[in-house]
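This document starts with one chain, in the form predicted alone, laid out as structure tokens.
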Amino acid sequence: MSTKWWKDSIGYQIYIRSFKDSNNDGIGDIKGITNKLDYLHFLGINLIWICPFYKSPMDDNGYDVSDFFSVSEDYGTLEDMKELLNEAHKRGIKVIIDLILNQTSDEHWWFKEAKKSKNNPYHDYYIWKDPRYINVDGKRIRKEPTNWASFFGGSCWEYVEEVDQYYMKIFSKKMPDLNYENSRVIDEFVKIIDFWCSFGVDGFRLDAIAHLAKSEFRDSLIEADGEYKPDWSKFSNLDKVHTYLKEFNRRVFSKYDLLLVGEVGGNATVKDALLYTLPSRRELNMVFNFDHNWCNNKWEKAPDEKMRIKVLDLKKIFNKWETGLQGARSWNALYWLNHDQPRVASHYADMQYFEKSTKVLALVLYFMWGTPFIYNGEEIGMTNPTFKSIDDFKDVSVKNCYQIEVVENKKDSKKFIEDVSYSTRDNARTIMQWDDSENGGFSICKPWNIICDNYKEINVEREMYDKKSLLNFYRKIIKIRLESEYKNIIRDGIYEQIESEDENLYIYIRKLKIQSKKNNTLIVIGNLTDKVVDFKIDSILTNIDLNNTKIVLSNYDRRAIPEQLKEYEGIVLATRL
């Protein structure tokens, strides 16, 4: 059986609005991506995932789509997109795009029709419910259909006077949720998917796919502060989602050779992921989960305490997903962050040992089993910016929460900014740092978003010509994965974590089951702390032949296997076991 192309891929996520501005209007665009394809080819990746570029009022930077068949004027034209696909394919780079199935913009013509009347044929494209009424001090007060919260703050319901009903919106009020109980919605998206497949895209990242199905519309009984309850189980990873995905697969996905990656969120289990990804189920190829995204001491540390990785927690989570999916013959997606999380350099790296700690993070993740996805700027060590005022934020969820917590409930503005600065989605959406010129080489005009103050020190141009840079370390990892004698071990070898209770070291092996006279095993070792740790590989693996074991990669440029691991040291060994 031939190997699926995406098993030999290294992905690179592009947040289009912040990547590269080609026409100097301060906004990244499609031609900007095309202009940087040579850089991506230099990096070595062979797959890009592009965030939404559809026509949109940009309430949530394109995840609020008003026309799925058009390109936003901010980003270019359909012709620009065709050129990008052609040029990427010439360089051996596949292209997947975001497919937004959960919601549209409230400016989509379906919704404009839907809110005209209950009898309009498009009304049932969305989820509508009648108000509830309660008596307070003799007055009849209108209330939402349920007490469910929105991911973006407040209620997940919005009232429309024209029809005297609430529509559901688990994100922004300008992003009404679609009703998949109405088969016509699936019919519409079959046409949309078929259009983009015929256009030439190589697959889709299915945004918020976990939320297509909703539970019975009853109040949540969870205990939580506030009027609206953040009970995500009411609309996350419910059984009916799989019915919809199977229908899409039967009617359109299966007709093309696609990569399908689903976003399943933080409450998904390995069991949930298998339901999405087992080949026999004919739904998706892999999923993104968020389990590993918060394994540090950020929320409980003292103000003057150093931020550290919770090594045991991180190892446990990685082991759960690697063994759970591989054992069931599914497939995994590997990533440190996407457009919704803090920059990994600020999240898990150590500023005191910046170069070594960012390199060891890359080393321990990208030799695992699965398809890697690097987020733009990760490969040069981009960090979170410094937010000085509410005006520095562009994230609609932050704006919504600021209105509720500061404007309405009088929370201290400075404290609010301090609290949200670490976790805001804006961290990953700052301007890509290409060089040390004004605006980081992104544009000659003022960018739509802020750029980190450190762009003169951390940028692509500077790191391209530094052989010891993080960028060139990423290039080494990519080359090993795709071109070296070890590529089959990395793609097909079993994953086995060892020394699982060690609080400093993350060690795992990748081993091919087939008998061979050649090296059939990689041993990946990472010290994820600022401590010097005693280490003897032959006391951990007693059957190892050190005379026939060699170093494949090291972030300390080792020439011999060490007996101590320095701060944030990472090393990959090749041997035969």
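The first residue of the shown sequence is 1; numbering continues from there. These numbers were taken from a predicted model, which means no experiment stands behind them.
A second form of this protein, the form predicted together with a small molecule, is not displayed here; the remarks below concern that form.
- request: Tell me, yes or no, whether N237 is in contact with the small molecule in the predicted bound form, where a contact means a heavy atom of each within 4.5 Å.
  value: The answer is no: N237 has no heavy atom within 4.5 Å of the small molecule.
message: I'd like to check something about H123: if you look in the predicted bound form, is any of its heavy atoms closer than or equal to 4.5 Å to a heavy atom of the small molecule?
response: No, H123 stays farther than 4.5 Å from the small molecule in the predicted bound form.
query: So in the predicted bound form, does D60 come within 4.5 Å of the small molecule, heavy atom to heavy atom?
result: Judged by the heavy-atom cut-off of 4.5 Å, D60 is in contact with the small molecule in the predicted bound form.
message: I'd like to check something about R205: if you look in the predicted bound form, is any of its heavy atoms closer than or equal to 4.5 Å to a heavy atom of the small molecule?
response: Yes, R205 lies within 4.5 Å of the small molecule in the predicted bound form.
query: Does each of R17, L337 and E379 have at least one heavy atom within 4.5 Å of the small molecule in the predicted bound form?
result: No residue of the spot touches the small molecule in the predicted bound form.
message: Heavy atoms within 4.5 Å of the small molecule in the predicted bound form: which stretch in 398 to 406, 411 to 419, 339 to 347, 299 to 307 meets that?
response: Result of the contact check: 339 to 347.
query: Given that the small molecule is left out here, which of F152, F189, F393, W448 has a heavy atom within 4.5 Å of it in the predicted bound form?
result: After the contact test, the surviving option is F152.
message: Please tell me which of R425, R491, K174, K214 lies within 4.5 Å of the small molecule in the predicted bound form, judged by heavy atoms.
response: It is R425.
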